[in-house]
Ligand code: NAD
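As structure tokens, one chain now follows by itself in the form predicted alone.
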Amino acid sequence: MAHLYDEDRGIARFFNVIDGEKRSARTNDWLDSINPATARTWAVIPAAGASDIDEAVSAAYRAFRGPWRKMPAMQRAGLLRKIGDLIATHADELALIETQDNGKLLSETSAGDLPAVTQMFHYWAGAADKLHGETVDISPASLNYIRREPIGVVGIVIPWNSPLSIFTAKVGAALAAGNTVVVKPAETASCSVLAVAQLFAKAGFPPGVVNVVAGLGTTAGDALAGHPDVGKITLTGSTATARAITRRSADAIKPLSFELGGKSANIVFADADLDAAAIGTTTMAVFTGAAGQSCIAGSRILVQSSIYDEMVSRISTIAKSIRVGDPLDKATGMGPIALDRQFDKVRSYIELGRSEGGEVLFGGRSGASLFDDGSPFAKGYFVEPTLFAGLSNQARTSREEIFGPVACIMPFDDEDEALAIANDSPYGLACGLWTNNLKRAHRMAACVDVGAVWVNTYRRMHWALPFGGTKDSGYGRDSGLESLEGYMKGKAVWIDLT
């Protein structure tokens, strides 16, 4: 099977996909893609600009007005199922591409992300031909009904931590609703999305339905957000990027949806299964897999005072056993930070936590200090799992999103205090609850101001459930049938029968 990229002297070369064709940027400029495990260039991607975005939007607009809009919903559903099946045949290569591009463990991309991508497209295929309008009985003198129609061209901006999964959640829903798309992936992790974009033509999608354009946010991203023919923008990314998109798109008055950052609380009560809670607040929540680079990371660990010391001991034991290193090795428990500036940011927060009076219970080291001399990973962007104690919920380290394997642990006395700490955050994305008291679980789940709550588990996701946040964590929902509403518009029709 041929690769989904070109190769020249050991460097992979990926291309934009516009109007069903592979294309370089019009300027023929390229950006390096750095393997974060080695800090070496492993691939190049196009450095697209406004003219490339304009071509992609024009292609998407033509496809929406032409073959895609006229295609029966059942046929669209068949294509969505076919792309899911085709991705499954390329799953091993796509998983490896994503791991080399952003450092996520191969065990996670191959066993978790890629099977989910296939199943998500199958899910959206099942929804595509079941989007119905409704009649409204107002009067015998009129027939009134509501049509559910696609918006048109949807601009999709995705981050670097889980590109394929987030691409599928947004693209699958947008296509199922009858839209066409232009996707701008993060310039630091575009390769897997550029690779998968080639498969849509092979699956039989008309040209222009799915376009993927790589480039800098300040050029390609800015052009997409401000393009007059883009009917909606949806972003998974930072709160700062959401604010920039909001300003840039304001003149066009287009709908927006944002799934943004978080500083989620993971709350452990004294009646919890402490073994399960120790795993749930470490390997499940913040210290493994994506190395804490997850918007839903449970990076504020709240523990009831009576079990605080016991939980510190259990969490420390588990975290210290996590093997940091080669993301291609199945024995590795945590890989690198995805990019150099994020690596610097995480390390700066560790220093900030110390300056704020925090005690490092474990971790704190980074870079070459984690490896033997001569290791190929000595220059990689690695930070070991780090836990702070002694910081209040008002400390910057406790309030600001770090997006790395750094957490704070703090005690609480009762439900009211735990709830007050959990909700005292600019973010509202997720919360974990560890308790064997069913009534408490329901009380807390009802009162935490977040978009997702896990009870006696953490970081569990499924495409059938809506996902999104409140406050600075954004608005709108990805996944689930609820998310389809965000890709459609209602039209009221009156027919006079008199």
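So that there is no doubt, residue numbering starts at 1 and follows the sequence shown. Everything numeric in this text was worked out from a predicted model, so none of it was measured.
This next part talks about the form predicted in complex with ligand NAD, which is not shown.
Though the partner is left out of this view, residue 222 does reach within 4.5 Å of ligand NAD in the predicted complex, counting heavy atoms only.
Taking non-hydrogen atoms only, residue 44 never approaches ligand NAD to within 4.5 angstroms in the predicted complex. The closest non-hydrogen atom of residue 325 lies beyond 4.5 Å of ligand NAD in the predicted complex.
By the criterion of a heavy atom within 4.5 Å, residue 384 is excluded from the residues contacting ligand NAD in the predicted complex. Only one listed stretch (92 to 100, 129 to 137, 213 to 221, 365 to 373) carries heavy atoms within 4.5 Å of ligand NAD in the predicted complex, and that stretch is 213 to 221. The partner is absent here; in the predicted complex, the one residue of 80, 406, 164, 245 having a heavy atom within 4.5 Å of ligand NAD is 245. The partner is absent here; in the predicted complex, the one residue of 301, 87, 319, 295 having a heavy atom within 4.5 Å of ligand NAD is 295. Interface residues of 160 to 198, taken as those with a heavy atom within 4.5 Å of ligand NAD in the predicted complex (partner not displayed): 160, 161, 166, 184, 185, 186, 187, in sequence order.
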